[in-house]
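To begin, one chain is listed below as structure tokens, in the form predicted on its own.
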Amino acid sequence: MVGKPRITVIGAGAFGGWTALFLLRRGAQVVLLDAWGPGNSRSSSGGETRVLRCTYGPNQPYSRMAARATRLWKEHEERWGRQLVHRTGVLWMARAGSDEFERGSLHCLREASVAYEELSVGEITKRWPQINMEGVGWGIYEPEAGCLLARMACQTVLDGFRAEGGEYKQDAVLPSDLERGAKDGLSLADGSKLAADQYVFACGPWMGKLFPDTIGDKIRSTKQDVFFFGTPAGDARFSEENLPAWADHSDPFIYGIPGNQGRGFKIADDSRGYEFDPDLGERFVSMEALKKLREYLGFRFPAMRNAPLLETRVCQYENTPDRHFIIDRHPEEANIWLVGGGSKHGPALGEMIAELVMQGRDPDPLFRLARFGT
């Protein structure tokens, strides 16, 4: 290949934006596409905040990837002069008698050199007496973890990409039989064609629509309701200065984030919701979910028992059947890469994909399509 390789990245979310940036830094000529813009409300990378933590259970690579992503966030916040991660710390509450996930996480945290504290119920209560610890056995506290300003982060990565010479187009790729490759380039919604040497599709919940045979329902989008409640006037106990982001690993699995740039106390059920169409789905929360989370809020945080609802959001998850990412070449078209199955670990994942694409290496078998038996 003569000159710089031409690479087009489709999707400017957490995976695509960082992949485009690292490809650019490795010497590629990169065009980044997105149908509605980075962090848009249809995307899985949009929304106000995401919890960033390294506790991911036993026997997995995600603690290490999250630790690498944390370091890259710090480096780029300094480079760009913008705070994107609020390092509130993250408290993970483990259930008494069913804590295999948490016990298994400790080894992975140590291997990844992640700072953490193993706390008893008494120690948690002493630090954060605003939490009712009934039913909790112990906890993991990651002091360097926190929450990411998700939408702003996607937009900032795009700004950095363009400042370093990358090209961005807000346009949509038409599903014009991509399973047969893109030898004549991609057909775009504005009627133009875009040709490249390699293509990286990181378009989240649209992956199955663009590649119905190869991806199909291997990436499934679900609707997740998110609520923001008002804290008591003058009560600083529920601010990000005095309370970490938290996760209650019970049944159901509930998590929350304080602060949220004045939007209130964020709380959501992490259980997978029903299937959701990113194009046509109406983004209304359910009253059933509101009732359940209001009851939980009053139980776990008694001072928030009568808190008013301030805002709601619909957060869109995308998951594979085994909940591992997809990172692989198209089985029939070696110049097409398919990336999806999540919206976190963006900097570390983008760095890894750029290396795979530019060096022509094979991805980890854990992420390859062959694991699905097709």
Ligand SMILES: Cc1cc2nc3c(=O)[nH]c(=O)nc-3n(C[C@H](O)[C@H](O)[C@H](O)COP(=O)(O)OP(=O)(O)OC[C@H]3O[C@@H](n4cnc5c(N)ncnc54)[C@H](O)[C@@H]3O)c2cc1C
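Note that the coordinates shown come from a computational prediction; the quantities given were computed from them, not determined experimentally. Position 1 is the first residue in the sequence shown; the rest follow in order.
Absent from the display: the form predicted in complex with the named molecule. The rest refers to it.
Looking at 22 to 30, 302 to 310, 329 to 337, 316 to 324, the stretch with residues near the named molecule in the predicted bound form, meaning non-hydrogen atoms within 4.5 angstroms, turns out to be 316 to 324. Shown without its partner, this chain lists 246, 199, 161, 206 as candidates; in the predicted bound form, only 206 has a non-hydrogen atom within 4.5 angstroms of the named molecule.
In the predicted bound form, the named molecule lies farther than 4.5 Å from every heavy atom of residue 61. Contact between residue 350 and the named molecule in the predicted bound form is not found at the 4.5 Å heavy atom cutoff.
Under a 4.5 angstroms non-hydrogen atom cutoff, the named molecule in the predicted bound form lacks residue 354 among its neighbouring residues. When the named molecule is considered in the predicted bound form, residue 67 lies well away from it, no heavy atom lying within 4.5 Å. Along 9 to 35, these residues reach a heavy atom to within 4.5 Å of the named molecule in the predicted bound form: 10, 11, 12, 13, 14, 15, 16, 33, 34, 35.
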